[in-house]
Ligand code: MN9
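Single chain ahead, written as structure tokens, the form predicted alone.
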């Protein structure tokens, strides 16, 4: 049976930094803002959270801060993907002890691993915890493109509970959805949330959800209410902002928009660079909520 607790709209949480670590107070403030807006959960420590720019201890601190700040209000999915299986397993064990509701991981990073190696990685991860494991399929960043049959093999691993699908191949999403009606599937491309929901996604995980949760929730609620025209209207509204964010860089732009809304998250870590005046002025002109 599908885990309904995992369904819905989950911001891929940004990470607020100090000069030498995680800014726990700003993280807690932001999670409260998102909870008050009505999101269903949080996806912590993923690409949007700058996970590869953080130490293992920082990732643990971030997750603990989020779980402590949201209590029972939101579902928390801990992203544990990193450059080694050993590191991912350590983060998985920590996430279970910390009280996360599920785990997630990108396919193994950097090297062009074989499918046999990718599948074995998820078998190791799923066998390490009682928490459901959500595959994070994002070929554009990982360089790993999996066929429908290969995804089906991984989704058949015991304790794999679903997939975050960040791709425009919605035919593949629909086919996988039909094969696994009891798994949870998330759309991962913010600008195509309507398309993902139409292909069978149970919700979405996205970067821009951090600064316009109400607009994203309006897309989701309208679609669930069988009102596609309204869903498309809100998708178009969201895409006006997304187009600008994509132009200047997703994470730096998202943090700047939060700053403009009174929730300063600081800068992204290098090699990201601060935004220029042109970008800041363009972001100021956006109307987001």
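Since the model is a prediction, treat every value here as computed from it, not as a measurement. Numbering follows the first chain given and starts at 1.
Another form, the form predicted in complex with the named molecule, is not on view; read the next lines as being about it.
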Sole residue of 197, 151, 138, 92 within 4.5 Å of the named molecule in the predicted bound form, by heavy atom
138
Out of 52, 232, 246, 35, which one falls within 4.5 Å of the named molecule in the predicted bound form, going by heavy atoms?
246
Is residue 191 close to the named molecule in the predicted bound form, meaning a heavy atom pair under 4.5 Å apart or at it?
yes
Would you classify residue 250 as touching the named molecule in the predicted bound form, given a 4.5 Å non-hydrogen atom cut-off?
yes
Counting only non-hydrogen atoms and a 4.5 angstroms cut-off, does residue 205 reach the named molecule in the predicted bound form?
yes
Answer for residue 79 alone: is it within 4.5 Å of the named molecule in the predicted bound form, judged on heavy atom distances?
no
Exactly one stretch in 104-112, 81-89, 160-168, 214-222 has heavy atoms within 4.5 Å of the named molecule in the predicted bound form; which is it?
160-168
For the stretch 24-60, return the residues whose heavy atoms include at least one within 4.5 Å of the named molecule in the predicted bound form, in the order they occur.
47, 48
